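A single chain comes next, written as C-alpha cells; it is the form predicted alone.
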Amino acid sequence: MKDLRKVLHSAQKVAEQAEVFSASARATTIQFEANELKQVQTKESSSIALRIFREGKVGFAVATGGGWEALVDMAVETSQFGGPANFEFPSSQNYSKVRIYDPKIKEVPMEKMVVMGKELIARIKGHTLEILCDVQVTKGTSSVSLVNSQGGEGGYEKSFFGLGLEGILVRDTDILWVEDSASSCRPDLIGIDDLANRVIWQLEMAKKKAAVCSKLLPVIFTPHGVASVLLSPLVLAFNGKTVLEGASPLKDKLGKQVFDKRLSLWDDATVAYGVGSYPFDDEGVPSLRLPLVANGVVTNFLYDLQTAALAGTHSTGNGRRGGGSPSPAISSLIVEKGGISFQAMVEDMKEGLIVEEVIGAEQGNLLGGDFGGNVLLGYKVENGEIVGRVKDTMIAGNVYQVSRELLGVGQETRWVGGILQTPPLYCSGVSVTTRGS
C-alpha cells in the first residue's frame, strides 16, 4: 500500500482524479501427463495499474513486476488519446466481509498434492485401465489493493485450490475424451471421490455406441453442457457494454419475459469460498448478489463505472481487469435449481440426447444467441434409458428459443469451472445432425 500511495500522490499533482490498483499472485501447480508426473511449477506475478482523469480524459498505464516510477508519465501520455472521463471513482466504502481466504492453503504440502494426483489417476484407471490421464493440482494465493483520490481504499487476500482431470481413451479408430474439475478457496472442499465418480459415470455411459438421426430432438444439457453451449451467449448478452452498443438481443428487454418462467439467474460475487467472489470489484465498488433473470424476466445488466455512467445508471460491482482497463465481467453465475431430477428427465425422453461437451459452440453468431458445434461427448436416450455414446453428431440452436419454453430445470446443481453453478436444463427442439443421414 505504501508504493500505491506514492504513485497516487504523484498522480494527484497532474490529474483531477486518480486511482491506483495492484494485484499479485503466487501459484504452485503439480502436473501429470499420460498418467505420469511431469512437473512441479511455481509462478509469481505482480502488477500496478494507474488511471487518471486529466483535462477531462482518461489516461491509463500498467507496470508488471515493479517499475512503477514511470506510471504517472505514461498515464499522462495516454490521456491525450483517452476517452472522456464521464464518471467518478468511488469514495470510501464499507465493504461486506466475503470469505475467500483460507490460511490452511499454506499448510498443503506439495507431497500431498502429488499424492492427490496419483490417487485420482488410480481411481480412473481402476475403472478403465487403458485410459491416459492428464491431471493438474493447483494451490495459490493472491492479493489485491486499491486506493483513489476520492478516499476509496481497500484490499483483500484470496486463496485458491483446484483439481482437474482430462482423460483420453483410444480404441482402434475410436477416441473418447472425458474431463472434469473442481475448485474452491478452501482446499478441504475439494474431494477426489466426487470428481472421480463423475468421470467414471461418463466412461460407463460411453461404453456402448448409439446412433441418432438428423432431426429436431429434445436435449438435456448437463451442467458441463450448459457451460459448453449456453454460457458464452448469455454472458455477452448481459454485458452492459454490449447492451450500450446496441448489440445485445436483450437491449430492449429489461423488465420483459424472455425466458421460461422456471428460469432464474443471478451474478453473485459474495458466495463463500467461491473462486469468483470478492468484497469489491477492481474499481472499488462493493460486491453484491445481482439478479439477472427472475422467473424468466430480464432484471439487470452487468456494469462497470464507465459503462454505467454512459448508460445513466450505477455500477453493479462487475468492473474487472484482464491486464488492461476495467470492463464489465461476471463473477459467479448461478442458475436456480428446479423441481425435476436428472433421472426423471431421462425417463421422460422417448428419444433424445444428453449433451456433456461441444466443440466449436462459440463459432456461431454469439451476439444473436446462436450455438452449434460437434458433440464431443454426448449420449443417446431411448425410451427413458441411456443407450450409448453418440459419434459424428452436431447440434445447433438458439439460446433464446430453447430457453423460452423449457421442458424442465434440474434439482441437482453443481459448479463448473468455478464460475458457473447450474442444474441440468431439459430443452426441446434442438437441431441434431449426423454424418451420413
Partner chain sequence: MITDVLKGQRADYIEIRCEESQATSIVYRGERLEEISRALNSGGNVRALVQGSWGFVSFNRLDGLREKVALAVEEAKLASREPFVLFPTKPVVDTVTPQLKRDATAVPLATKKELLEGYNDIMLSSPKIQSTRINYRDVKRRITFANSEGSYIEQHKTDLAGRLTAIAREDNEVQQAGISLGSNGEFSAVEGLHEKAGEVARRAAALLSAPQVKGREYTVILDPILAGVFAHEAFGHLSESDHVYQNENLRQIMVLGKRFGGKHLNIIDDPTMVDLRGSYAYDDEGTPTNKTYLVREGILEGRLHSRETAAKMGERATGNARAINYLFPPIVRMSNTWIEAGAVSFEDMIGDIEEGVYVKDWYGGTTSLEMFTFSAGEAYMIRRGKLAELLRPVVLTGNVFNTLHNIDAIGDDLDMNQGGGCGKGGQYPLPVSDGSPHIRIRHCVVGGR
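Since the structure is predicted, the reported quantities are computational estimates derived from the model, not experimental observations. Residue numbers count along the first chain shown, from 1.
Another form exists, predicted together with the partner chain; not displayed. Remarks below refer to it.
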Contacting member of 122, 213, 170, 189, with respect to the partner chain in the predicted complex [4.5 Å, heavy atom]: 170
I need to confirm a contact call. Of 157, 252, 193, 107, which residue comes within 4.5 Å of the partner chain in the predicted complex, counting heavy atoms only? 252
Please determine whether residue 63 contacts the partner chain in the predicted complex, using a 4.5 Å cut-off between heavy atoms. yes
Is there a non-hydrogen atom of residue 382 within 4.5 angstroms of a non-hydrogen atom of the partner chain in the predicted complex? no
Taking the partner chain as it sits in the predicted complex, is residue 46 near enough to touch it, meaning that at least one heavy atom pair lies within 4.5 angstroms? yes
With the partner left out of view, is residue 386 within 4.5 angstroms of the partner chain in the predicted complex by any non-hydrogen atom? no
Segment that reaches the partner chain in the predicted complex - one of 171-179, 224-232, 261-269, 96-104, heavy atoms within 4.5 Å: 171-179
Suppose contact means any heavy atom within 4.5 Å; which members of 279-311 contact the partner chain in the predicted complex? 306, 310
